[in-house]
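Only one chain is shown below, in structure tokens, and it's the form predicted on its own.
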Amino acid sequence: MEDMLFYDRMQFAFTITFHYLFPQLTMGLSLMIVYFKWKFLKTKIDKYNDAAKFWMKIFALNFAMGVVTGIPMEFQFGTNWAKFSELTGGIIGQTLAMEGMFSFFLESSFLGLFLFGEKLLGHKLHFVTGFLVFLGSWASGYLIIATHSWMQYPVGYEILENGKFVLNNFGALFSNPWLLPSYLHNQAASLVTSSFVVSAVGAFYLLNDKHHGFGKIFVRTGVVFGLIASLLVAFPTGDWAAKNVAKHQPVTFAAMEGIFETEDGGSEIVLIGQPNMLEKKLDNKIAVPNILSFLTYQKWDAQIKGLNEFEPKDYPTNVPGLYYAYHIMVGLGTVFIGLMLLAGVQLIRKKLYKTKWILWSLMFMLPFPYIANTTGWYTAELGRQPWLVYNLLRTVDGASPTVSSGNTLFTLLGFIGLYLLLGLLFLMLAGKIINKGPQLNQH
């Protein structure tokens, strides 16, 4: 049974990790495309319109990959997690169906109009189609995170005699205290990814001395959006999300922060350390006293419960994995703020386009927002374990009892091979679009 559960979780983790590489760019990029188109309407400078159309090609490629990789993921609710779907389908089916019916169709319908309808629509209506693509992509994120938030903090439900969850308060799904902090944190993180991608492509053009005008626009826009988004990810959205975990999932919070012993007189914040699960302590730790208590409760001496206060059966299944995922996310977020601040200072001083080490840094940072977003999701998902629905349905009780571990491993290996080919195809096509660069004055 443990083998079966392990492979079920591995398959879902692999497919969702690969899938989310694409929506995290499209959500943030849709806002930046709307900005470029708005800037063109305001200034009548053609380069902004060309920039919007260039990035919409990248958006469309990412969108297509997101659709292709999202469909197999949804089938796993029926194949690997049939019991979970049977018990909770009456609730999570609502938000997932709304995501497909409303936001996905809104996004995909107007994407076609934005890509091919500029001459037919005129610039103002073309801007409206871009805005509706943005609205669809952000609504999609909202409905997915509403589903996720219900699993983290279940509200508005009752459990029937047969064990099935049914919704008795539809509005509670959208007033869930878990939803807004998670959604805002996720969208700001998505904007960090798109900002770094846009500024990395701009830096690539400037360093290679081609598409110089576009390079400057991309770097400038990426740095401004990136600085704002990096700050928002940390505060208030990240702070709010962490306080939510401390309030509603205290055992998860203790594992994330690496707190084993409950400290009287305030908890330290751990900068570096390795969880030792045998001796229930952190090895080689570097910590700052009392900071965690202040950040969490605005009191220097506030008590934060350690893992020793909870039953081991309720610990997150993989405490070291959760601890490292959380610290990688926070560490990278700090690096993003630092780099974007330096780039922002150079931008104000009108020296950014000539500061080669910052341009190189922006270019080489391209993969790291993807890593930060992935570890952020791992923090949320590993933190909820051993529950599928927090405190109500354990993961072991949601798996499909009739699907063998061999079957799951076979299909997982198939997904790995197929997604490797898809990933290479995506990189080739994206590389081709970026290398060709934005096309001038095709109006």
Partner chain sequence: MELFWYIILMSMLAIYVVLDGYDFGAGIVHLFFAKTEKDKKAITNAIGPFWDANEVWLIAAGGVLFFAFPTLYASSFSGFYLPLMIILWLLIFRAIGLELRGQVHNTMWEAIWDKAFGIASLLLALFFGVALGNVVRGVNLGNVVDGVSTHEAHYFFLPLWNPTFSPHAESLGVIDWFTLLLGVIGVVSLTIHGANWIIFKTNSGLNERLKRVVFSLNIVLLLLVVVSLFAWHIIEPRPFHNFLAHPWLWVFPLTAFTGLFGLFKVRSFQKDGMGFLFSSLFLLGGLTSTVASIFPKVLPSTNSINPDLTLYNVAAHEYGLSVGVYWFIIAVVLVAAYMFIQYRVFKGKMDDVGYGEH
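Predicted model only: the values in this text are computed from it and were never measured. Residue numbers count along the first chain shown, from 1.
Omitted from view is the form predicted in complex with the partner chain, to which the following refers.
Though the partner is left out of this view, S85 does reach within 4.5 Å of the partner chain in the predicted bound form, counting heavy atoms only. Residue contact with the partner chain in the predicted bound form: V34 places no heavy atom within 4.5 Å of it. Using a 4.5 Å cutoff between non-hydrogen atoms, I433 counts as a contact of the partner chain in the predicted bound form.
Mapping the unseen interface onto this chain, F54 falls outside it, with no heavy atom inside 4.5 Å of the partner chain in the predicted bound form. Taking T317, T79, T262, Q274 one by one, only a single residue has any non-hydrogen atom within 4.5 Å of the partner chain in the predicted bound form, and it is T79.
Note on the partner interface in the predicted bound form: the residue among Q303, T334, Q94, T355 having a heavy atom within 4.5 angstroms of the partner chain is Q94. Annotated contacts: V224, I228 and K285 are all free of the partner chain in the predicted bound form [non-hydrogen atom within 4.5 angstroms]. Contact with the partner chain, judged by heavy atoms within 4.5 Å in the predicted bound form, is confined among 337 to 345, 362 to 370, 275 to 283, 70 to 78 to 70 to 78. In sequence order, P401, T402, V403, N407, T408, F410, T411, G414, F415 are the residues of 401 to 416 having a heavy atom within 4.5 Å of the partner chain in the predicted bound form; the partner itself is omitted from this view.
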